[in-house]
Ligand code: TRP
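Shown below, as structure tokens, is a lone chain in the form predicted on its own; questions about how it binds or moves come after it.
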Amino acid sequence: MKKPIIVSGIQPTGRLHLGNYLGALKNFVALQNSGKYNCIFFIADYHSLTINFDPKEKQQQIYNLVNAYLSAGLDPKKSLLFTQSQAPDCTELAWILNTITPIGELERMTQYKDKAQENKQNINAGLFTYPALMAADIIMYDAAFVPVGEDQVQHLEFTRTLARKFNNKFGKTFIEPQPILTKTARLMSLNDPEKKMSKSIPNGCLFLNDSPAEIEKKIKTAVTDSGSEIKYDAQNKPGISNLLDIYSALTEKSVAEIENKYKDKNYGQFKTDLAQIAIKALEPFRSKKIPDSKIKTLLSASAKKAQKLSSAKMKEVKNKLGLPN
């Protein structure tokens, strides 16, 4: 029996941090190693063009992201890893999907509203039509499932709606992908637990390639709360609660187990232990540096595999639309 296909991707927009690992990469590896799926994980470099960027840095950002994929445990022999721009049929399909997408649907997208608010000087058409390209990325490869967090469910539902609309109008062509809801800790900044962990606040962000000394310093100087009890209380003790979330996510122990372990200990001991846990967990991202030349070769070979799949789907789509192949 043929295994169902999973598709997901990450934008190459700079250094990855712990939130990226726990929210995406760790889940990707678990899905790959489950043996239940044929996995496709791509580099969303076309998507990354919707925000301001330096062209001189883009290719290295792509290589760094592939390096992170491989360091996390993704295996090119088990999963297909490629870049959007090297298998560009997705943009052709995105244009076709745009022609059946009501503007009102795009205007309702929460992520568009959020990104437009963040990028007031660069509210471009690509940012607006982003969901159509995302839908193309998914349905182009006959994905049956897409791993998503709760904040991405709206986009996947949009994808399902477009697939259904195309099928109803032109004949059965696309699978309506189902979500695999992934539990992701909402990590907050170490030096300001009221704000989300972000590369824009580097001192409060654990980057995947931080040195052991940097990790230790950031955790030991992380903001905590009045008192000394190690107890989860997001509203009244956001600092220690955030550190408990990180500890739990890295060790896969429940918060209750961790609270019990440290019930008679202080913040200092807790932070010391957490620093060592984080240093060990992120060690592969420091030690497994793959040469850019090898990554270039890998991406070139992977692009050919992706193109073989996408060109077959585009031929089917064009036949349904009455377009020449």
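All residue numbers refer to positions in the sequence shown, first residue = 1. All of these numbers come straight from a predicted model, not from anything done at the bench.
Here the subject shifts to the form predicted in complex with this ligand, a form of this protein not shown in this document.
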Task: Residue contact check: G9 to this ligand in the predicted bound form, 4.5 Å heavy atom - done: yes
Task: is_contact(C90, this ligand) in the predicted bound form, heavy atom dist at most 4.5 Å - done: no
Open item on the list: Whether Q86 contacts this ligand in the predicted bound form should be assessed with a 4.5 Å heavy atom distance threshold; does it?
Closed with: no
- [ ] Verify the contact flag for M188: yes if a non-hydrogen atom of it lies within 4.5 Å of a non-hydrogen atom of this ligand in the predicted bound form, no if not.
- [x] no
- [ ] Using heavy atoms only and a 4.5 Å cut-off, determine which of F285, F270, F42, Y63 is in contact with this ligand in the predicted bound form.
- [x] F42
Open item on the list: Just to confirm, with a 4.5 Å cut-off on non-hydrogen atoms, which of Y247, F166, Y130, F158 contacts this ligand in the predicted bound form?
Closed with: Y130
- [ ] Establish, in the predicted bound form, whether H47, I138 and V148 all lie within 4.5 Å of this ligand, using non-hydrogen atoms for the distance.
- [x] yes
Task: Interface stretch in the predicted bound form with this ligand - options 138 to 146, 75 to 83, 214 to 222, 193 to 201, non-hydrogen atom within 4.5 Å - done: 138 to 146
